[in-house]
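Shown below, as structure tokens, is a lone chain in the form predicted alone; questions about how it binds or moves come after it.
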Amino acid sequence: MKVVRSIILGLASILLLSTGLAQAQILTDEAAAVASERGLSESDILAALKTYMPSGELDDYVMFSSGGQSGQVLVIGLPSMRLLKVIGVFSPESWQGWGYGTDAQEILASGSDNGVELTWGDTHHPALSETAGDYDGQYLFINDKANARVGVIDLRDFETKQIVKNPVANNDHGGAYVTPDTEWVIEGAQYSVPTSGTYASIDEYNEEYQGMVTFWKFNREQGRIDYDASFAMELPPYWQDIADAGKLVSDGWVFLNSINSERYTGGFEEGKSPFEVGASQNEFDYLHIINLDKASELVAAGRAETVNGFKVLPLETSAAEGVLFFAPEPKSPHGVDVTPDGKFIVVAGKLSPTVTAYSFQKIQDAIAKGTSEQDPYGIPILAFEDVVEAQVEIGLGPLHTQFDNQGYGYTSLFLESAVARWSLDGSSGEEPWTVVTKTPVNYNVGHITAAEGDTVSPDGNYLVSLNKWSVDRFVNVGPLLPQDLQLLDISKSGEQMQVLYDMPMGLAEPHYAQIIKADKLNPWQVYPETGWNPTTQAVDPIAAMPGEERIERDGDTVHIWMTAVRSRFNPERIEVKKGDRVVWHVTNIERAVDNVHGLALPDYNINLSLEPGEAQTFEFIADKEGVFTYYCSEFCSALHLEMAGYLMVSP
């Protein structure tokens, strides 16, 4: 306790300057009593100081994390680890009214699968838009592993603007990732299936099943993926996994992991080995090395085929034209990460205790030299010894790697429940390609993310370990436990990394996250003009405007133009007939920051969130007769309860 006491006395000297001697002594005594009662160590107190943000103080960083099976994206402040927002993407999200207005319903419907309404997703890998390989804070992309979809989020208002469904894949894991100037959004399918979506016997796996990677063309000016300018590449029927785009010297290339080079097809129910055994026999799988620039040139030259109305570059074309190459990678690889300088591609093998650093220059030299070795589909296989720069004995169950600004890599170790810090090529001052330290985490870490740790200019400072288990970490909430997001201090070179904070995530299972400097984000506080449509990011010509509120009937369609302002709706009474089509336009005409109104209409499944200036339209068939109250669902003023109205549906 002597060390703890010395820390508290040090704080007292600071308090003395602002509070005076007597008050400082009282605070010092109280702090010492709390530390003693709770058994706090020196590191506990330091961790608390490093993460505590006084009321009104803002976080230095913002972390965008996948929301797993919730289908959403989580926004978290660092170092406080405060949950700031949940962004609705693939699932309806009632707080924000996501999925209830007409535009949002249409965006969700655009991600449907052959007419099947999808109301959930499994988000995995958020990707911030980049300029010259650095986060620019403009857009965020997120994949849905379950249904092979990609969502586009505009960071001016933190809302989803587009969902695209992949027509040649039914799942994805290698997405979403962006190229250094966000020209392309990468989405790699995982489990091989017949690309056409038709049936083929599993006995025809080697001939009729394909792997796939899709390159979505992003139009930054429109803030949308250009479906018609996008394309996919057919791959052999291995199970493709995580991807990353080259940067700087390796710009224009994409690197994609694969597992199940055995092309094992399972059959545990028939007495065969399960996938976990059959798909883990080979000592090596294949790192896919893709010349994206050349692939896009071939597609532009008309060399693609059309599958399900989508452009697909055939496998034989990629093989013949030098678009696709393989390099052996250690057993059951998972993570693939390009170093900040773009010179090395780091791969971790789940069943190998190593991370392998491939040299981009050596890869280019090996391609130029040529190779006679090919896989069964004619893809050139570069010799392992020709392309590898180094292997680092890292530990058990390595998965994912991030980087800092001091020349270190950080790799998650699933089986050891630890994060390893290791030296890259010696720029850290440590012996090149060696482990420096390990920090235990709790437990079973998957992805990790460092502050801007997958860009050309990482910040260092913080790393978050996204742990799958939280046994004994939090109050028991039943058999379904939260995940544990742990914040680590990585600012001190060569020293043991300190775990600063445990954040329970009880919403779903986060997979990956990216951390951006907060001052790179420039979101609106209110929409630019009254009557703003968040989907088009412009004033809506049919928006309800103040002084123009009205109800109009056109046959069996009733249009309502309504405004919302503290503390009333206008109009407050609406009469329609059973069977009418009701088209309801509502605008929040407030201009004050954070003066949000809601519109909740029970029995008709309507709940909107209307931010200042926002206009929305929704419609429904008035198929239930009766009297229905609607009300503001955001506590907006002292007379909030009086902000209500009646919808009367006559027989």
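Note that residue numbering begins at 1 and tracks the sequence as displayed. Please read these numbers as outputs of a predicted model, since none were measured by experiment.
What follows is about the form predicted in complex with a further copy of the same chain, which we do not show.
Mind checking whether each of Phe231, Tyr410 and Gly531 has a heavy atom within 4.5 Å of a further copy of the same chain in the predicted complex? Looking in the predicted complex, the three residues Phe231, Tyr410 and Gly531 all stay beyond 4.5 Å of a further copy of the same chain (heavy atoms).
State yes or no: in the predicted complex, is some non-hydrogen atom of Gly151 no more than 4.5 angstroms from a non-hydrogen atom of a further copy of the same chain? Flag for Gly151 set to no.
Should Val582 be classed as touching a further copy of the same chain in the predicted complex when contacts are defined as heavy atoms within 4.5 Å? Val582: no, not in contact with a further copy of the same chain in the predicted complex.
Would you classify Pro92 as touching a further copy of the same chain in the predicted complex, given a 4.5 Å non-hydrogen atom cut-off? Looking in the predicted complex, residue contacts with a further copy of the same chain include Pro92, since a heavy atom lies within 4.5 Å.
Answer for Val471 alone: is it within 4.5 Å of a further copy of the same chain in the predicted complex, judged on heavy atom distances? Yes - in the predicted complex, heavy atoms of Val471 and a further copy of the same chain come within 4.5 Å of each other.
From the list Asp181, Asp157, Asp136, Asp375, which entry has a heavy atom within 4.5 Å of a further copy of the same chain in the predicted complex? The option sitting close enough to the partner is Asp157.
Quick check on this chain: which one of Lys217, Lys362, Lys165, Lys294 has a heavy atom within 4.5 Å of a further copy of the same chain in the predicted complex? None of the other options qualify; the answer is Lys165.
Candidate stretches 339-347, 244-252, 72-80, 362-370, one within 4.5 Å of a further copy of the same chain in the predicted complex by heavy atom: Result for this chain: 72-80.
Sequence order please: the residues of 617-636 with a heavy atom within 4.5 Å of a further copy of the same chain in the predicted complex. Going through 617-636 in order - heavy atoms within 4.5 Å of a further copy of the same chain in the predicted complex - the hits are Asp623, Lys624, Glu625, Gly626, Val627, Phe628, Thr629, Tyr631, Ser633, Glu634, Phe635, Cys636.
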